[in-house]
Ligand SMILES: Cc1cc2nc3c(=O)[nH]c(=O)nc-3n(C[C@H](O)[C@H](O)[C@H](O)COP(=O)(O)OP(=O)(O)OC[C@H]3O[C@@H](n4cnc5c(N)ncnc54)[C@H](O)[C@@H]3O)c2cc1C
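Taking the form predicted on its own, here's one chain by itself in structure tokens.
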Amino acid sequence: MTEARVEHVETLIVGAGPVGMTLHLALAAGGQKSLLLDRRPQEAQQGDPRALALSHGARQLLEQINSWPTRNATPIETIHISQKDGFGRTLINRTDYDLPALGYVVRYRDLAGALAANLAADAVLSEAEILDIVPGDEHVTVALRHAGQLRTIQTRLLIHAEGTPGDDPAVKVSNYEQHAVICEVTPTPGHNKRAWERFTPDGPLALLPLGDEYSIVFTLPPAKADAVMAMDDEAFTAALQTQFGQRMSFAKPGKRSRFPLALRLRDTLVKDNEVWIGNTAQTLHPVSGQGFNLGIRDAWQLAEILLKNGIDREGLDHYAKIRRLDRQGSAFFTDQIVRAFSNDFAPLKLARGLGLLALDLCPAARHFVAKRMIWGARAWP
């Protein structure tokens, strides 16, 4: 193995997923160079079939860097919100906001491919294993192994965009004691570009239109998730039908996967010459589909500040300050929804029904919620 050589880059982005690539391309559009570093091979993302819920606000940002996967995005024109075995419902419609859609459902691989198509050949250092990170007064030194060689990169700014953090004392974790079971099903009748958020005592059930199918996020306590994962297709479809109700029927469930749910919030977004964005800064419950959109907004606002101020400590501190409302507001919103709706307590069920009815009957309140789902804190007040 050869000796490590020292390289210098202005901005090093760890994580070449959609959030990291969005930041890189936004900086490149403004004339600033950065290097993406990823532990996976470049083609790994092209095999990822997961579905992402993107707001129309995210589309507006991605279109500015020519990275919106138009042909592979299924629009959400209405969102139906209700609770199982309880009254009250709210319907949010794109026509109220003069938009082509409230949001879109896109496969991870299609969004990653649209972003990657705009990268220069030398933009990403793939299959790179980080061995050590050493902060300094003027730069951060990153030791890594790549293609059998030890390499050392010194960067003026290190940006962490690599995904959900592991054990890190700087990240506060609140475990929901819920797991999300993910799969795709065929609905009858068709989805008509409608998404559903159905609250049950076990947790929220989301149905997101994807092509001709629904991508479902079936939230359950761990023991029930174990049981659902072990079911055959017929039993699984019956369990899904029981949770959703009889408004439509489901068939042909695809491969199921699951993951535990928790709220993770990093205390400090900026420390010396390091910045954290996307899931490495915050990981939210998937209810209302806010987490990934929040990461895109992280990347965009950081790019705006870096393009305006360069790599400047005052500018980075300003970034942390202006992201506070959006990230804390989104975390509070999703957290309170999960805690208020994931139970069968009769007085709360009554209050939930009244709340859903009030949202449906009061356009101002409904628009307040909808605009923040679409644009985040950019829609404030």
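Note that residue numbering follows the sequence shown and begins at 1. The structure presented is a predicted model; accordingly, all values stated were derived computationally and were not measured.
FYI, the form predicted in complex with the ligand isn't displayed, but the following is about it.
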Just to confirm the contact call: exactly one of 93-101, 67-75, 154-162, 262-270 touches the ligand in the model of the complex at a 4.5 Å heavy atom cutoff, so which is it? 154-162
Just to confirm, with a 4.5 Å cut-off on non-hydrogen atoms, which of Pro209, Pro204, Gly289, Pro187 contacts the ligand in the model of the complex? Gly289
So which of Gln83, Gln178, Gln301, Asn279 reaches within 4.5 angstroms of the ligand in the model of the complex, heavy atom to heavy atom? Asn279
How about Leu61 - does it come within 4.5 Å of the ligand in the model of the complex, if we only consider non-hydrogen atoms? no
Val14: heavy atom within 4.5 Å of the ligand in the model of the complex? yes
Using heavy atoms and a 4.5 Å limit, would one call Val19 a contact residue for the ligand in the model of the complex? yes
Any of the heavy atoms of Tyr108 lying within 4.5 Å of the ligand in the model of the complex? yes
